[in-house]
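Here you get one chain, nothing else, as structure tokens; it is the form predicted alone.
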């Protein structure tokens, strides 16, 4: 891309233009909300920054033979047909400040709580080139969430991409927030990326993290539900670019993407407006690539730093086989599935232990936790299968062996229940289950 810009400058210089005069001007031929059809811009690039009528800002989203499509990211006034569009010759970039830790920010370098711009801003690309395979190493260090059901049974490693999926109001965001709170004192930078949440809910999350001292190591990157859709689309990419910046400094970073189902719907809307051909469920054909190039940023880098990604996806009716869910399940290294039924039965966190999976498993667990987790998981899954068959049966009609199996299973489920913001260490988690296996100790 840099080479293309240099060639374009050289070409125009040879034509007799000085660099400060090289501004190509086009005109808006059609307005579809935040998507503009612009004629006259013949030498622009994808993602090139443009200025509309001197007051609004956008980027080139699609290029056709006789026109280009521009997505508006900042609107400073009304945009009309025949409005002037000036190409800048620069790629659209995000603004970021090192002072952002502990604040709720946006991709323009503003504090969302007070609307003020940060000082000492630097420009960051929306996306960097993906870390090559040769620069990645094995994921073998645990990222402790403090949640017994995850750390013991379906663990997450630093550099892993673990999906959190479930219906609305089942505690998806809460699991991610618990994981953030549990990183206190562990030298992990957390980035919570909000995609389309309300200002009220974000302020509540901000207050919760602040009360627990988690903002000292957390950046909240927010795109509210009333922001321009192109801003919502770009925000998670910017969040991962920020994460890469710190990873290359040798830091461990935890990134929460809340949530990608909203991001997919947003991208579908933009794609339909710019004229892309709709595919399954009206999503554009490149929806898989849209998320895969985002989530593959998660890795353990050879420099010692890592990016752990916790994408969140909302389902309907507990269906994890819909288009977006199956796409993201195939990209990630496992999933924590939350059950509405379990939530309504006051089992919290409402993890569906039968459908959840971690593809790294014991590779990221300390040996004592690995041994205990294997026992608990084996007995728990057997109990859940038995409960499904005998849930309407009278306990008195069962044999003693079956009754004991049900009793132990209920004990395990009770030990897995945990209040929000009450993290447990590995030793505390093992202590919860040790009495069940005392007779097996040597």
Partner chain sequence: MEQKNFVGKIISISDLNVTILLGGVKVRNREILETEHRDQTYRFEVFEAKGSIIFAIPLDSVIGLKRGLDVYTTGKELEMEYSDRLLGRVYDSYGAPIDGLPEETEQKKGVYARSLTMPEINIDGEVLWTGIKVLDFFAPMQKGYKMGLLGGAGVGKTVLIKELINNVYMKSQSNSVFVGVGERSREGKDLYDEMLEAGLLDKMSIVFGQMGENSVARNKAVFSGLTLAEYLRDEKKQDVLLFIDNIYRYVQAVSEINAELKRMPIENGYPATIESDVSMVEERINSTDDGSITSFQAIYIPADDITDEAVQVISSHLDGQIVLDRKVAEKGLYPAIDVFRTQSNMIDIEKIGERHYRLVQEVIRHLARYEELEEIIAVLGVDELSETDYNIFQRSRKLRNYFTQPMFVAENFTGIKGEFVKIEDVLRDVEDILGGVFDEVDEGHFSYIGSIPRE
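Residue numbers count along the first chain shown, from 1. Rigid core here is just the name for the largest C-alpha set that superposes within 1.5 Å across the two forms. The shown structure was predicted, so the numbers you read here are calculated from the model rather than taken from an experiment.
Not pictured, yet referred to below: the form predicted together with its partner chain.
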query	finding
Exercise: residue 363 in contact with its partner chain in the model of the complex, heavy atom 4.5 Å	yes
Contact flag, residue 331 vs its partner chain in the model of the complex, heavy atom cut 4.5 Å	yes
In the model of the complex, residue 168 touching its partner chain (heavy atom, 4.5 Å)	no
Close approach of residue 277 to its partner chain in the model of the complex, 4.5 Å, heavy atom	yes
The unique member of 355, 207, 113, 248 whose heavy atoms fall within 4.5 Å of its partner chain in the model of the complex	355
The unique member of 327, 342, 315, 83 whose heavy atoms fall within 4.5 Å of its partner chain in the model of the complex	327
Heavy atom contact within 4.5 Å of its partner chain in the model of the complex, the stretch among 95 to 103, 199 to 207, 222 to 230, 291 to 299	291 to 299
41, 134 and 286 all contacting its partner chain in the model of the complex, non-hydrogen atom within 4.5 Å	yes
Contacts with its partner chain in the model of the complex - residues in 49 to 82 whose heavy atoms fall within 4.5 Å	62, 63, 64, 65, 66, 67, 68
Rigid-core frame, C-alpha of residue 414, shift of 2 angstroms or more between this form and the one not shown	no
C-alpha of residue 402 moved at least 2 Å between this form and the one not shown on rigid core	yes
Threshold 2 Å Cα movement between this form and the one not shown at residue 63, rigid core reference	yes
